[in-house]
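Only one chain is included here, represented as structure tokens and corresponding to the form predicted alone.
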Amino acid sequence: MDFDMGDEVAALRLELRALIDEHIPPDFLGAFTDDPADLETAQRFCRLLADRGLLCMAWPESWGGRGASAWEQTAVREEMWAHHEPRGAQYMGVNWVGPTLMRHGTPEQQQLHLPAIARGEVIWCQGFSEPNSGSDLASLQTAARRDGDEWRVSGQKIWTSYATMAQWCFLLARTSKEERKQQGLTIFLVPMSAPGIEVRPIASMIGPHHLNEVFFDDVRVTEADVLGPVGEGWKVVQEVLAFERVGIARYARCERLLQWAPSALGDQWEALPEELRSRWAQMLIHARRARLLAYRVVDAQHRGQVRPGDAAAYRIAVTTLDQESAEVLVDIVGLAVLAGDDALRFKRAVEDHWRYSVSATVASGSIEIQRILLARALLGAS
């Protein structure tokens, strides 16, 4: 396949970079810091993108998109992640919540949720992982039981990003016990304002809002909140995870930071040990590899032929890139004497990148699980 995205995508990138330069402070390191102004900056920027039709470009026009190509949406994804994701948590709604609703939601669910996502007005969180059901997600214990025309949900979720600010939760719960643990699971679209929901933040070095516990104590939900057939939530989850894992363009941030290093160091760059500059060049190659693997999955998704092995291979490449590039960048910063606004911004960006990289091989499915998925795909094909 041809990886040249064409003149239109090149022009789109220039437009996005101009908007970022104009509306995002140069020292912005993401929406989820100790400074509430960073979150408000992201929320304003989301609304700006939505007004210009840039937030959900690949969505159908009937749901607030432009009907743009998957490659245009990929360019948006890359530019956002390269610049510390100024959309904040909106990438979840754009990349996988909205598309999942388009495929599996009722007309009423689509009408309720899709316009709000397309306008950048709503934040979602994902109620999947539990204290004893992380990588083995299908073993979860959060249960929903029928109560007349309603459901009652009780249980606990953990590591739930954005739960303190989200208006809705994409919740996976067990609705029946079956022979296979992947059966009997159902997805509910739960308002976070519902009585019986308690959110407890978990302090961490990656800042507020990212890690939370969420407790459901006899929370009432209705049939209108069920997404897809009852008991068949696992099929939808597999689709969701494939979109989520490729939807985060971590490689774009790694590549931008790596390319920033020589200019940030100036004359000190040539004084770095040759071994370190060799590792730096190797990371640029790994960033390109992760990008091309992502493009393979994007192309497969566009053709409706997503294979678990392709998504797993990309995920392994990009999460290891996250950690290995962070180590190289930290070593570069540690050997330089950085002064001046640009150099100090580079240093802070590298430190931020390192903090996030620590959890890279665990979030959205651990690297061990991705290797199992890839091995199964390769052995099944042989």
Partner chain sequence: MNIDLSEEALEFGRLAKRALEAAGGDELAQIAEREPDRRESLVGPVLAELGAWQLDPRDSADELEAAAALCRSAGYWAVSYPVAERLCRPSDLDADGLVVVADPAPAAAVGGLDRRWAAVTLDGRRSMATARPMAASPRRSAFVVELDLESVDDAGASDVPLGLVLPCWTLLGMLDRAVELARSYVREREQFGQPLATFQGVQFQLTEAEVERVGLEELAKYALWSIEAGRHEALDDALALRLAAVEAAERVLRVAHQLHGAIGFCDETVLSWVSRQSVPLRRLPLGLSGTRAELTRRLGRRGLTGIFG
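Numbering follows the first chain given and starts at 1. On a predicted model such as this, the values are computed, not experimentally measured, just so you know.
What follows is about the form predicted together with its partner chain, which we do not show.
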Of 191, 131, 266, 231, which one comes within 4.5 Å of its partner chain in the model of the complex, counting heavy atoms only? 266
Quick one: from 220, 103, 146, 303, grab the residue that has a heavy atom within 4.5 Å of its partner chain in the model of the complex. 303
With the cut-off set at 4.5 Å between non-hydrogen atoms, does residue 293 touch its partner chain in the model of the complex? yes
Answer for residue 274 alone: is it within 4.5 Å of its partner chain in the model of the complex, judged on heavy atom distances? yes
Is residue 85 close enough to its partner chain in the model of the complex to count, meaning some heavy atom within 4.5 Å? no
Does at least one non-hydrogen atom of residue 202 fall within 4.5 angstroms of its partner chain in the model of the complex? no
Which of 25-33, 340-348, 50-58, 316-324 sits within 4.5 Å of its partner chain in the model of the complex, heavy atom basis: 316-324
Since the partner isn't included here, can you check whether its partner chain sits close to all of 255, 289 and 375 in the model of the complex (heavy atom within 4.5 Å for each)? yes
Along 259-282, which positions have a non-hydrogen atom within 4.5 Å of its partner chain in the model of the complex? 259, 262, 263, 266, 269, 270, 274, 277, 278, 280, 281, 282
